[in-house]
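This document starts with one chain, in the form predicted on its own, laid out as structure tokens.
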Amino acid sequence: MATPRLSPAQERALLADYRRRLEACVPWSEVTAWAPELNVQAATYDVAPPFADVLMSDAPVDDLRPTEHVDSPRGTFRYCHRLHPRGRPLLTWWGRQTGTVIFDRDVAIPALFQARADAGSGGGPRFPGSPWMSLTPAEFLTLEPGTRIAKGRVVIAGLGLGHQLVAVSRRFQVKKLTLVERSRELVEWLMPALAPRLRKPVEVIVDDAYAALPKLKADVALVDIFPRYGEAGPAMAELRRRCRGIKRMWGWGE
């Protein structure tokens, strides 16, 4: 089957729209709201990464140089800054709506990769091509609704790269903060890097969220343990049924 080709008029229209978006870039901030089209000044995309000195790169994750990544002690996780090129659209989402964001110059996206279960066998890649977690605009925008409801005694299930934990720790409405994370390696490696940015003490429970949450009492639980956006519904319904001691529960993607 022949590949469809754009007409000259269509190519000109796409190029004009591309230029328009680059010229319309505005600063990113904590109050940036989702929109189908976001055009962002890269210099303002300050995400305060846990390992700030890592150099950005677009090389395959397995081929990164020592200055371009930080590995967890047992090598299960690899942190890096993925180089995202100027003007290339990144997908965003809000409920069932999708959109794109572009930056007016190359930008570093903090990303965390988890080693393959079969890493070390067969000579294949150690890390998958897609990150386990990355601090894209979509991540910030979709975590914000949960952060906004945090108050009183708050439980966060799922550490990820720690963005929501840091954001919730800065809310004066939050009196007590508990983290539930099943990977002890991730906790022991990442929490010291996050500590300077945390405004409140954090109680850490190393356990599976489905086992730990029903035993806890809290005003709010923020649950971010789902592989893909929009898949929280059935699992959250079951958690709500079992978590009698938690007054309000929010799941990423609900």
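Being a predicted model, the structure only gives us computed values, none of them experimental. Residue positions are given as counts along the sequence shown, with the first one as 1.
One more form of this protein should be noted, the form predicted together with a small molecule, which is absent from this view; the next part is about it.
By the 4.5 Å heavy atom rule, the three marked residues 143, 182 and 210 all count as contacting the small molecule in the predicted bound form. Across the options 28-36, 201-209, 57-65, 44-52, residues that bring heavy atoms within 4.5 Å of the small molecule in the predicted bound form belong to 201-209.
Not displayed here, the small molecule is kept clear of residue 92 by more than 4.5 Å at the level of heavy atoms in the predicted bound form. Heavy atoms of residue 164 reach within 4.5 Å of the small molecule in the predicted bound form, making it an interface residue. Residue contact check for residue 110: none of its heavy atoms lie within 4.5 Å of the small molecule in the predicted bound form. Mapping the unseen interface onto this chain, residue 115 falls outside it, with no heavy atom inside 4.5 Å of the small molecule in the predicted bound form.
Proximity to the small molecule in the predicted bound form, taken as a non-hydrogen atom within 4.5 angstroms, holds for one residue of 133, 102, 150, 138, which is 133.
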